[in-house]
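Okay, so we've got a single protein chain in two different forms coming up as structure tokens, structure 1 first and structure 2 after it.
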Structure 1
């Protein structure tokens, strides 16, 4: 886009960036630039989404700089960001835009086909025909398309102990980030426990409630859905695992359990795989999930 700016605009931007860097002493942190002469523009800027830029104070001359640093360490909220008049300073604003951008891109992203190939996952689709329809009609995301039912009938092992599948939900990016770690752990854990795992697959435009319909076809004892969570600002990689014991067409959230916030930095994906296997064993032992499982286990504890 740089070509579209006038040289005067470029100068203005450069002046602002230089002033910003001088104020912040950013140059030493790695933001670099050279060649201010017209026709020789060369910008090579540091990654402002890194912790070095996120944890820095942007308050001009705070009364107690060391206190401000301590306050900022107590919360992930965006404090200590300073102001230009009553508005934001440049760097915090640019970081915010970048954060919002990754959440938006995650929401509308399609899964990387090579990931599906790697795990030999075939793809089916819910009744939602587009991302927009998926967002507008949650009910369609909970139903399998006719083609999907047919494909599952043809390709899936029936009556397994455990059926595991993945769905994009609100972030295919989350599946890309975590599936490589989570799926093998679950597979190995089930094998060690002597449990028969069904044929895994991937659902496009899927919501959690779809696992009821999946089980109408495969008739598993436990169904596990790995699904992308709604992206937080700047964080699109969080995945959840929803589990249900013998899901029926009318099963609800109260009948399910969930391991949420799975990503490096939240619930570690390898550990999450182990949690999922533990949940499965408990569900099979008590022949229950969700609130019923909780009540049964509480009863045992008392």
Structure 2
């Protein structure tokens, strides 16, 4: 039989938690506490997702503090979080939950319509009918719906040198963070290179393999898919650009190249756009992509 806690026991636990937060400097960072009202404690904490809380050490009396600080500065991994018995300390645990919420939000977020309007991108959809189905059935995210095929046939320029489109992938947040920087750079680079760019658009519930089906409709020499990467804890803005030379229905990952981890803090979005244009030029020069492109270029180097 489970024994229920009394009000006094609950108050004791709350007092212990507040005491630990005070010890870890939360109130000094801007938290406000009000007294008990009708037996309850109101606690207004500072934003624990700020760098001040992420970069500090929660290890009590580390053997070599300077080594721990130096190590923490080299990686975003969760080290130096300390423990209270077998569990994390309160602040690192709360940060973990906050970061997990960021991941969940990214997975289910819809694209901001104003972004599509800004770049005059029309929207089509894969064969996945919902986000839940998209996550459970990756194969449907690699196929265009019948309505999408019809829309692309009606609205897209055919036989361009390069077809660029964006897809939400596993993080529409990533598209919102990076498209404004990446897409104009690609467009300008292709124009300067004298290459014809197809009609850009946006795919809802899209996966990387969808570029094969896109090219069945548009017949481009190179297809570029800008897509949101799988979000990590507290990291939802990373985008990738997948490229393929004349992708066909049976093309695989081995036939593609990628510029990944695009965000401010990873591959700079402006630089990423330039990388994509350079990749396109190399693909068109050698009429290849993926492993075949690398083997050709290695052969030339040798």
Partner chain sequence: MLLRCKLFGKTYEFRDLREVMGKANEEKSGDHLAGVAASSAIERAAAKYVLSEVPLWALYENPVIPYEQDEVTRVILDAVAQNVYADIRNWTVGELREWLLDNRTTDEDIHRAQQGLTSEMIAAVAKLMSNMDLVLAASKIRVVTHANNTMGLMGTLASRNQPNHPTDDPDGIRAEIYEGLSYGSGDSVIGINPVDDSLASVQRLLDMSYKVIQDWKIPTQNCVLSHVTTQMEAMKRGSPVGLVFQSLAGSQKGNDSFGISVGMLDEAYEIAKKYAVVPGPNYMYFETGEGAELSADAHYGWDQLTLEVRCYGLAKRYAPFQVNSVVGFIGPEYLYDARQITRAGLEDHFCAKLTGISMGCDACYTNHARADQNSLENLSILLAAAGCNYFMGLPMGDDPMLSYQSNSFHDAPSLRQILRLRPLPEFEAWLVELGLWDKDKLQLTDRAGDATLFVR
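Positions refer to the first chain, counted from 1. The structure presented is a predicted model; accordingly, all values stated were derived computationally and were not measured. We call the rigid core whatever largest set of C-alpha positions still superposes within 1.5 Å between the two forms.
By the stated condition, namely the form predicted together with its partner chain, the first structure is the one that fits. Once the rigid core is used as the reference frame, the Cα position of residue 62 differs between structure 1 and structure 2 by 2 Å or more.
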